[in-house]
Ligand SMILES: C[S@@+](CC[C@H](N)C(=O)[O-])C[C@H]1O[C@@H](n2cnc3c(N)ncnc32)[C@H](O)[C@@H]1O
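Listed next as structure tokens is one chain, alone, in the form predicted alone.
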């Protein structure tokens, strides 16, 4: 399925988030279900909210997830392999919960448990009901800040990945006050009780980065995740972040899927923001601009700049890591996760940079199988040619 922007008027940020979720689940479920016989999707703040896509709720997180789960289940059924698909959907609002109960009837092949109330009150029981042999994906996407400590039974599962929304805009405005005790608890989770001292005096990009680092470290280190990359979802008409989507994975393949999905989501964000700005400019213009589509602004959007900076810096880090090996061989499988952890590039894009360095003689790749090969295998040995450095 693809995300239809027509359902997101006034909800452009949700369009970016759902574009990522759609791409991630499409790629991840195939890999996960080839290795695990049970997949569990947990949505702690399911809604639905402001959905306009009709009875299948294609513009909701749970609708996107359940459709992909049904599709992969049917694929494996056709191959004669039994896969169990389960979902826990939690919602506290009575009206939204009633809609949720009706919506799940559209997905009869998934074992769905709708739960009314606070996610914090259900988390431990949900986690206890998931077998250790199953793989789970948890979406924590509240409108404010959850009791993040209460989410640990799910986040600490070994066979698990998660996507957690950190409401940066709220934190940035109220983090210096006592108005958000749940934020205090979150940022203190990794032993950083003095986090306010780190924030005080910082402004702009430095303040944003510090908040991000604190939020990520609490989520990454406490449950023991190897990777915690972030997508910044910006306000539609302003060059400021609204929230941060923190992805948690223990596996390099999870990181690989994240970066590919992130690239598509950031491209979508650049387009919708640029169009929204062009439309706003046309509205404010006395003459108007009937041909404004924002396409000329896409390359200069913050999301486009993130990708561009990463593509400039990632090859430099790749080179420096190989040089630091001091002439020793480094496998591609060791190298690419280290670079993708820091930069918004895809594994395939970085692999083509390796091939570029190889063809230029800057990098030695013993046993490279063919000149037609563009991307190295994980066991490909790489050595920087120090004679040309």
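Residue numbers count along the first chain shown, from 1. Keep in mind it's a predicted model, so treat the numbers as computed, not measured.
From this point on, the text means the form predicted together with the named molecule, which you will not see here.
Interface residue among 117, 153, 131, 176, judged by heavy atoms within 4.5 Å of the named molecule in the predicted bound form: 117. Screening 270, 245, 90, 87 for any heavy atom within 4.5 Å of the named molecule in the predicted bound form leaves a single hit, 90.
Note on the interface: of 28-36, 336-344, 58-66, 359-367, the segment with non-hydrogen atoms within 4.5 angstroms of the named molecule in the predicted bound form is 58-66. Under a 4.5 angstroms non-hydrogen atom cutoff, the named molecule in the predicted bound form has residue 142 among its neighbouring residues.
The shortest heavy atom separation between residue 42 and the named molecule in the predicted bound form exceeds 4.5 Å. At least one heavy atom of residue 49 is located within 4.5 Å of the named molecule in the predicted bound form.
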